[in-house]
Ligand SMILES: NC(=O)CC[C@H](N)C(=O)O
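First, one chain by itself in structure tokens, the form predicted on its own.
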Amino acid sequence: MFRYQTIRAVRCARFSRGLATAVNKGGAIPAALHLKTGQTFRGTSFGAPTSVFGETVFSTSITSYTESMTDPSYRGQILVFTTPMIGNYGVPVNQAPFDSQDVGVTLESKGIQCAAVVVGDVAEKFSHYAAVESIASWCKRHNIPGITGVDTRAVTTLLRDQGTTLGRLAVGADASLPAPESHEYWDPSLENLVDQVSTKEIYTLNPNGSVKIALLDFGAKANITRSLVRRNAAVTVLPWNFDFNTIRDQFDGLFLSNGPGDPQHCMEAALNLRRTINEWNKPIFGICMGHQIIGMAAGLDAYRMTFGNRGHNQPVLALASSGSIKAGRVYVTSQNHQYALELQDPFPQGWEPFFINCNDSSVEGIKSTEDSGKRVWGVQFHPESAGGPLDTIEMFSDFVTECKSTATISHQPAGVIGSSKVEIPLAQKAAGIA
């Protein structure tokens, strides 16, 4: 018996795998997550030793924390991951070439976009062939605080029951102070977050592409532009409030990207788009915020959801067929949105619902009707995923194919970064838009 126990102990010692949690428990810095609704969750700090305010939201994504954290749609938000352990495969080098296959970054933007992260168990021991640093090191480099040791199930239950709430992540000495007063919490939805993350300069990706697409940047994920250039499109990225109507005849299609915050801050873009839809007959496609802008241009209202939909597992039902999408089929999608379009009856003339969420019946897509003579589509979810399911990725192929059908031989080569070939009106240059 003794020999058996000894052999068993040796085997366990040899083959046991240590926890992928904090390497060094000594010198841990305390942290506290305060919610405006009165609850406080205490844990340990990782990342930057700084305190921040933000909007507390949760994501049900099981993987792709690096893509979520670099998604501009999370701007100003304290991101709670429902997955118990985050960081086990580390963080890769966030650089890629500018060519027909990539757009300069590996992730969704150049840096971390969320205000802070909340995890149950942060993994400082990471293992992946492409990883170069831990999530804690990455957050510290980008001055983003995190808290671990929190019961994220309890936080998520609160947010589902009472809705998304404002919060403060207090780190170090701040963690021992009383929770902020109600009026002290910062509400990012009151600011135009789109203006903070949108490009300030016009530039073109894959300039030698076979079709010319303009992209209004409300906070575009890199995988949106990546998905377009990989289908041989030349993509000219424009600021969110640029009046596309002044240069629309130079392009074969218009794309409206995702973005953070309240779409009401982008009414200027919706009014410009309404004119585009009325006067221009080339394809238009919008994702997430872009979908909401299309809806407002069509005459629909946008509303704030209780806790929004964030995760890589949201089922949507197709109500109409278009390209690769077949009516009656359920598609599993990746989503990240707090606002949605109102489902109204009757729908505005010339428009019809495209998708509906199978869980909460929120509008997940709209499209122009066939008899309208227009080719406009908008989806609330992310066909490009990154990460998530690829059920609807062919919507990019559908859009590029439609754009190619409108392309003319008379097109001049697309502009490059700093090029004057994409002609910008002097009035907009003077206003600092370009």
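Each residue number is its position in the shown sequence, starting from 1. These numbers were taken from a predicted model, which means no experiment stands behind them.
Not on display, but discussed next: the form predicted together with this ligand.
Visitor: May I ask you to choose, among 87, 286, 146, 260, the residue with a heavy atom within 4.5 Å of this ligand in the predicted complex?
Guide: When this ligand is considered in the predicted complex, the option within 4.5 Å is 260.
Visitor: Go through 90-98, 127-135, 333-341, 355-363 and give me the stretch that gets within 4.5 Å of this ligand in the predicted complex, heavy atoms only.
Guide: Looking at the other structure, the answer is 333-341.
Visitor: Are 70, 226 and 385 jointly within 4.5 Å of this ligand in the predicted complex, each by at least one heavy atom?
Guide: No, none of 70, 226 and 385 comes within 4.5 Å of this ligand in the predicted complex.
Visitor: Residue 292 near this ligand in the predicted complex, any heavy atom under 4.5 Å?
Guide: Within the cut-off, so yes.
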